[in-house]
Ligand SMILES: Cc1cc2nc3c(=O)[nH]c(=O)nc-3n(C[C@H](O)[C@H](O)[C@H](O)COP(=O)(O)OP(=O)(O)OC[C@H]3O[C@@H](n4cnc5c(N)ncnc54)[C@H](O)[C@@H]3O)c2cc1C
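Coming up is one lone chain in structure tokens, specifically the form predicted on its own.
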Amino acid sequence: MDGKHGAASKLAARSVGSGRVPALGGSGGKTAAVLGGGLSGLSAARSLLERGFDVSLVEKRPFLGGRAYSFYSREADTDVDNGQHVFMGCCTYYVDFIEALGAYGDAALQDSLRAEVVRDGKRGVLMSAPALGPLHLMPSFVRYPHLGVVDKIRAAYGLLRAALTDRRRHAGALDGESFYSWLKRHHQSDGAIEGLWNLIILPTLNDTVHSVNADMALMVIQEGFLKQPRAAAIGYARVGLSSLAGIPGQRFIKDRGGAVILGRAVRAILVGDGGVSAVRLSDGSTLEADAYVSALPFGALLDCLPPERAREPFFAAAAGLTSAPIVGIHLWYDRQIMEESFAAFLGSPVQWVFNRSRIQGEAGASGQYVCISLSGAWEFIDRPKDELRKLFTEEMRRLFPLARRAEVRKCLVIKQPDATFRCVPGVASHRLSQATPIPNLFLAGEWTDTGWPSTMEGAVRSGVYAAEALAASF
């Protein structure tokens, strides 16, 4: 919001030890400190700046982006993303966010869903027919080769029941039930669950249908596949993740008069009788503002609060959240082994393979760079990287005939043990609201109560919701 960010910051920096947090310049505006520079913190900072607040964002690492970033790998001798991140057409807050940062041109979103699904060499395609509206997946579903006729009828019935389920009315019961139980109650066979339902749920919720609750699983089905055809389209970054959000986000904040403080972790949230009085940083300095948005992970938030406040029922509920891992296997071949931008696989330890060369517009270069993305990766997270390299390079040779004649020039394994929070039954009671019992402390983070699972969309929504709650309190 041009013209509203010239007011002076009241952010005060008191020198403690050798460090000092810079104060913003100007005169007279309300100030907000955002703690954490992931997507949720960047989203909160953007929304607060657009509402006329003077904003200072602090991040412990020397760059922004949180769990969606790229870095230089000495092992691979190139820049890589920490994991393969995708979004969908239904992720409207995320799309609006990268548009506001001026970065949407560095992303790609399908006009309509098209995803190849392969099992034992047999290829099927899940594809939208937009002219059919809510029935847009029906033609490809009829031709889908990985379900028999009976299972297709069962799955069609399950999709109908999913479409008709009023999640708001039955939120408590659905949150308390596993999606596997819900599917079985609605006559889904294990074959249909493996060939269709888990294919959707595992990559979107980073967990299997056996472990996730029915509410979040149905949310994915309803929002992503049973409303507008465009909602099911798959999108991804065509550049490194840091170039899509972290770097543009930092520029956005600074261009609007905000401050970005890198390389300093939040050590303590200091709370007095009237609310948060200051935040102590890792260099010993303190940061003061009128209001604060914590965009810290749930564990870090509890560690930073005074122990007596962290034990209060509102905050202590977050201790019940748990996390799920993701593993990425990055492979650089000496020749092309796949043509499509991405493909999913059934009956294989390989789940999804992304053609990074094509995604990044380098399809004409010699060789090919692909990334295997493994969600809910408990089976692999603790296995030695050399073992994973051997397992997955051999499996790629089985899945891709051209890989049998190709040489793997480089291989990089990236493990994220705590990639997302788990949407297990009962999780709703552990997701905190954006407003807290501390009057000037607000919460962002995909783990907060956004109504969405642990996704980039959920992170961006949490930042917007936190900024809205903060602004309403002034």
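None of these values were measured; they are calculated from a predicted model. Don't overthink the numbering: it's just position in the shown sequence, from 1.
Although not depicted, the form predicted in complex with the ligand is the subject of the following passage.
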Among 285 to 293, 264 to 272, 98 to 106, 192 to 200, the region lying within 4.5 Å of the ligand in the predicted complex by heavy atom distance:
264 to 272
Please state whether all three residues Leu126, Pro145 and Leu346 have a non-hydrogen atom within 4.5 angstroms of the ligand in the predicted complex.
no
May I ask you to check whether Val413 falls inside a 4.5 Å heavy atom distance of the ligand in the predicted complex?
no
Using 4.5 Å between non-hydrogen atoms, is Ala44 touching the ligand in the predicted complex?
no
Any chance Ile326 has a heavy atom within 4.5 Å of the ligand in the predicted complex?
yes
Contact label in the predicted complex: Gly83 to the ligand, heavy atom within 4.5 Å
yes
Consider the chain as shown here, without its partner, and state which of Gly376, Gly258, Gly246, Pro297 has a heavy atom within 4.5 Å of the ligand in the predicted complex.
Pro297
Listed by sequence position, which residues of 437 to 456 have a non-hydrogen atom within 4.5 angstroms of the ligand in the predicted complex?
Gly445, Glu446, Ser454, Thr455, Met456
